[in-house]
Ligand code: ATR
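Coming up is one lone chain in structure tokens, specifically the form predicted on its own.
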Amino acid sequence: MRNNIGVIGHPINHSLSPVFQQAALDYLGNNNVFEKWDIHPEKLEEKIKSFRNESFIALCVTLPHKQNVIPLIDELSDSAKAIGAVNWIYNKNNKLVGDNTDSTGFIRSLSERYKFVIKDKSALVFGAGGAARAIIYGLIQSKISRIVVSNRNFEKAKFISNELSNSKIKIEPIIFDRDSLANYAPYADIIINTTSLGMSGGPAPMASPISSDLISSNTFGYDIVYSPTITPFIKQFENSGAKYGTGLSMLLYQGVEGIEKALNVKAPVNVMQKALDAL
């Protein structure tokens, strides 16, 4: 069977999703092939229409389509509405339902992979884009006590802080400079990089938003960038003697969440992890 489950993006060759998702399908005895569709934005509407059939199961959505698919589908989950982006689309009774598992995948990777519990902790988040929104939403849902946001564009940091703050937690934006970071970074329980700094092929592949001398050995570091696995940001945590998590774990668990919701089964996490480890 074709056109039933897969990942859509542009470009898409770099996507690791087919590797570990196919491992899950095979383990579960599901005969579908987890496909990879490179769809130009101009062809997105036409492609989404092709999924309006009874045999369609689910679709993982990656850049640059996470926002653009929203007007093309029927419903959004609470997380997709709050984050303003969709990374999975499911067939629910012949309706296309958009969901966002980036936030829950991030939280599950922290708790299940690294045994880090967010509740009542404090976080410093670098970035103010779509990825930051997903991370901050997950932190709030997990009852974190304090969130500080730092971004190169301070106006964007203020905007996301104001937009996502609620009656239970007020997010504090700070200027992206050493003096400001020195007042917050050493005291944070977790520091998260959601920016493209340090990403292979990105605009600043050798850069980190923070240096090791501002990192406490008691602070947990997490970089959502997964290429390379050990980013310049992660290296600063290694230098400080602090523990850390890598973006591959978030990639894994957003996919775990997606496959569980798509197929209504418990995903074989260890099988999917081994498939990623083999790359």
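Start at 1 and count along the sequence shown; that's the residue number. Just so you know, these numbers come straight off a predicted model, no measurement behind them.
Although not depicted, the form predicted together with this ligand is the subject of the following passage.
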{"query": "Residues 79, 103 and 138 all lining this ligand in the model of the complex, heavy atom within 4.5 Å", "finding": "no"}
{"query": "Option touching this ligand, based on a heavy atom within 4.5 Å in the model of the complex, out of 89, 192, 147, 128", "finding": "128"}
{"query": "In the model of the complex, the residue from 143, 178, 170, 156 that sits within 4.5 Å of this ligand by heavy atoms", "finding": "156"}
{"query": "Residue contact check: residue 95 to this ligand in the model of the complex, 4.5 Å heavy atom", "finding": "no"}
{"query": "Exercise: residue 203 in contact with this ligand in the model of the complex, heavy atom 4.5 Å", "finding": "yes"}
{"query": "Interface membership of residue 196, this ligand in the model of the complex, 4.5 Å heavy atom rule", "finding": "yes"}
{"query": "4.5 Å heavy atom contact, residue 151 to this ligand in the model of the complex", "finding": "yes"}
{"query": "In the model of the complex, segment of 108-116, 162-170, 130-138, 182-190 with a heavy atom within 4.5 Å of this ligand", "finding": "130-138"}
